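Shown below, as structure tokens, is a lone chain in the form predicted alone; questions about how it binds or moves come after it.
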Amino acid sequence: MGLNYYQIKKNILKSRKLVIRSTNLAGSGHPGGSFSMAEILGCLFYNHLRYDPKNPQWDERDRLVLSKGHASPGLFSNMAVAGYFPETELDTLRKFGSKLQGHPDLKCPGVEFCGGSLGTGLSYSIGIALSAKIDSKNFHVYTIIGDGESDEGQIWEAAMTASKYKVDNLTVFLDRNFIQQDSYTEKIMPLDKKLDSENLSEMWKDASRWKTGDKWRSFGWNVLEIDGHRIEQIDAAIRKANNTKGVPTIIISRTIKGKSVEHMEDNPAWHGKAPDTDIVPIIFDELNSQFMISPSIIAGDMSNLENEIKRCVNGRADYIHLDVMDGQFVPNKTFDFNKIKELRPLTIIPFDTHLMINEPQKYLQNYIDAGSDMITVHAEVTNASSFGEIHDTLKQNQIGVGFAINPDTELPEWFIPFIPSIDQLIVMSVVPGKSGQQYIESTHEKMSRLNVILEQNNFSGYIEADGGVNLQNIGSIFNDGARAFVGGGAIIGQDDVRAAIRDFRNEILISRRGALLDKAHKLGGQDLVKKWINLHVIGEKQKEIQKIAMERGYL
């Protein structure tokens, strides 16, 4: 089965929005810690946990214990998306009589642990895991602990106990976001190395400062260290943990508190504070504006694609674009599923396989088996029947479903019913099969038109721009509605892939900030613009956004 990458991303976005809505209506809550663990919960709920929302007490279910219980909005939002209760019930968060309180409570079916006092969740989890072993039960226990509660002695007593009794049916996630209630963890009681300044980037930039894993290893645990916002890394770590026998596993997940909302990110103030009502629509737009950047490796050295994959990994690409050309649908020929199968072991970064071939339904299974995470086929070589077959096969295998249209192709009428379940729409901005082309300017208008159609038909995926994307036009393409960007010569054709991707991200960020300023001005004029800008207190963000606001005449 595939990674289920796009479906996980969609559900994470939905859950984050529910956290914002529910904490705003409650007037209190903890969005920061809910967002730092969002991808962890997304991978667990939608790719690993065994559960039945219609039978929450199913005996064979896996157990999920949220030890950092103040982040209950993050847990409840995922439970709602997973079907335990209607999403509208989150509107009752923290209200008298609601089963959704400020900390998880067993009154809510599906909750496994009353997460009030911090530090106790790990001990509780070990008890559940030991009982499973004693009773010869086959379920797994997953526990999420915070780095603030890791200052407590009970965490380390529990760590010794789990090691002693070889509790290998327990996997713990440490949500290592460097922030607890008052300040940065490394200024209060360091788990890594003391933070001497107010600049948290010291910890992110220097991995030699990271000592937490050594502590857990010394207590006899299997330790995995990951980027806690990379779905593929979380997924791979869970699989490794589940295959590790004789010792418990902790997955130290380096995360960002408030991830995906700039003014919340790395800001201790958002440990436990609800967003104001007038800011919520701007936050929703920001959440809808998350984006991804993907190098197209055929723009590199075709004789050494293995090295191009490694360059993508070092460049921290969100995913890797693989253009498969058969020499028939397009004049050129690249590679087929055999090459993808060879490349797959080199990285866990998702593979986005773009099939520019005739009769793609005949070869689909080969590309699934080769390790593709997303597969896109073209409108020009499919119809309602063949695409329906492709769509269903991909969904059954948890592979992202993509649909591509050439520059001269409009969205076919037969495709409209598929829109709600499609994961990505590639809008080709060059003629496929030819390299070194300029971005076709009419694509700007086309993409804007498509946005209207997609919105009317409940599209929840990503529009991907493919062809001629560069630093000069990526900002305007973002404004057109694209949220995934394929770069050929502008990324993989550069000596420094990481720098090229970083430059792409910075250009998109400027456009996104401008769009959010437009939203603030539309909703509340200069006063709301100022209020939104003033929320950005970490680093240089406020100055950068003020500059954009002045250029737009809002200040």
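Keep in mind the model is a prediction, meaning the values are calculated, not measured. Residue numbers run from 1 along the displayed sequence.
The same protein also exists as the form predicted in complex with a small molecule; that form is not shown, yet it is the one meant from here on.
With the small molecule left out of view, the stretch that reaches within 4.5 Å of it through heavy atoms in the predicted complex is, among 318-326, 175-183, 144-152, 81-89, 318-326.
Though the partner is left out of this view, residue 487 does reach within 4.5 Å of the small molecule in the predicted complex, counting heavy atoms only. In the predicted complex, at least one heavy atom of residue 436 sits within 4.5 Å of the small molecule. Taking the partner from the other structure, the small molecule in the predicted complex has no heavy atom within 4.5 Å of any heavy atom of residue 373. Contact annotation for residue 257: none of its heavy atoms lies within 4.5 Å of the small molecule in the predicted complex. Among the residues 454, 427, 430, 111, the one placing a heavy atom within 4.5 Å of the small molecule in the predicted complex is 430.
In summary, among the residues 308, 466, 266, 235, the only one with a non-hydrogen atom within 4.5 Å of the small molecule in the predicted complex is 466.
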